[in-house]
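In structure tokens, the next block holds one chain alone, the form predicted on its own.
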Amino acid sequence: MIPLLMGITFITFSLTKALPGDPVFSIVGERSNPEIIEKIRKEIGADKGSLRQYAGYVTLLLQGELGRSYYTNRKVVEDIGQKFPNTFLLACAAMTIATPIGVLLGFIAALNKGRAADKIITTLSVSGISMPVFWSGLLLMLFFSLRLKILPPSGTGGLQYLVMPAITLSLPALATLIRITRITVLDTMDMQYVRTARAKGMTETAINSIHIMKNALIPIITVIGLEFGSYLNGAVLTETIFGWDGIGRYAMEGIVKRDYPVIMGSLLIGTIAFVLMNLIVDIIYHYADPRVRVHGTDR
């Protein structure tokens, strides 16, 4: 993880410096007094070379700091500490919606391959993958907020503020889970041990629950982990559309303002969350599939 995170910080730092424009001008304006511009440039360290700036940033990281925002002068680690729980809550809500519905519909589609149910579910999954998040979010806002007037259009707060962002964010993951579950279950149904179980007279319910679903879990777990990890990076579009005060919206504001510490800190925390999520998925593999434990012991 450490080499990966160091590589991410270096790439992010390099790309951030390659952005057009000067953060000092974004703060004070291009017509400001040259003395003020030079003073601020020194305060934020923009007068130093790129390597010295990067070395200073790494030093801050080793001290557990992420720098200060150019605009608010607040510590980035404090801002992220306030906003990341909101992103985590939104990601959990979205995956709570997407996981059971996506797996169930994918399983139903596989069991009814070629029939009407399979075609309807497959069409819905393709629509969910193809539908842009900003479009589905605006549709929900139009229906529930402007017409029915039962949910607030934007903001951060209780359940009423969480419903529409969670549904919007869950749609791509739900559609992906439907497709992955369907494909995996169909592949598992063709395995020799499934045919052997049928030949022994096992009921279809037992075959589906013991042999098919259990052995189809690994790809499904992978998709769930990757989707959840990507959501922890910050659902930029969803958080921006609904005014959800999360890390994705925070990073977008930093990009617009060229607030380099905010951009770097947001991406770094998102990367750590994604890497940790992959680690958790690997641990789940160990318990979900005995073959992983056997091969791990052999090595």
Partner chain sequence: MGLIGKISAAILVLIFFLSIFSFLLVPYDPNAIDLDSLKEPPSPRHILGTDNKGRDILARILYGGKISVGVSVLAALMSMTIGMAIGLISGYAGGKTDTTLMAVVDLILSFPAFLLAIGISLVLGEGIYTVMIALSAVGWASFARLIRGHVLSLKESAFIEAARALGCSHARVVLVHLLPQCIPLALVMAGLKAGGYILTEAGLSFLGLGAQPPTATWGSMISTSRVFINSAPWMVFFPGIMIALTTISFNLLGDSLKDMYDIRSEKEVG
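Just so it is clear, the model here is predicted, and its values are computed rather than measured. Residue numbers count along the first chain shown, from 1.
Only in words, not in the display: the form predicted together with its partner chain, which the text now covers.
- Exactly one listed residue, out of Met213, Leu186, Met131, Leu151, brings a non-hydrogen atom to within 4.5 Å of its partner chain in the model of the complex: Met131.
- Taking Ala206, Met191, Val126, Ala199 one by one, only a single residue has any non-hydrogen atom within 4.5 Å of its partner chain in the model of the complex, and it is Val126.
- No residue in the set Ala91, Leu279 and Ile284 has a non-hydrogen atom no more than 4.5 Å from its partner chain in the model of the complex.
- Using a 4.5 Å cutoff between non-hydrogen atoms, Thr240 counts as a contact of its partner chain in the model of the complex.
- Its partner chain is not drawn, but in the model of the complex it has no heavy atom within 4.5 Å of Pro261.
- In the model of the complex, its partner chain lies within 4.5 Å of some heavy atom of Arg179.
- Taking the partner from the other structure, its partner chain in the model of the complex has no heavy atom within 4.5 Å of any heavy atom of Arg195.
- Shown without its partner, the chain has Met252, Ile255, Arg258 in segment 244-260 as residues with a non-hydrogen atom within 4.5 angstroms of its partner chain in the model of the complex.
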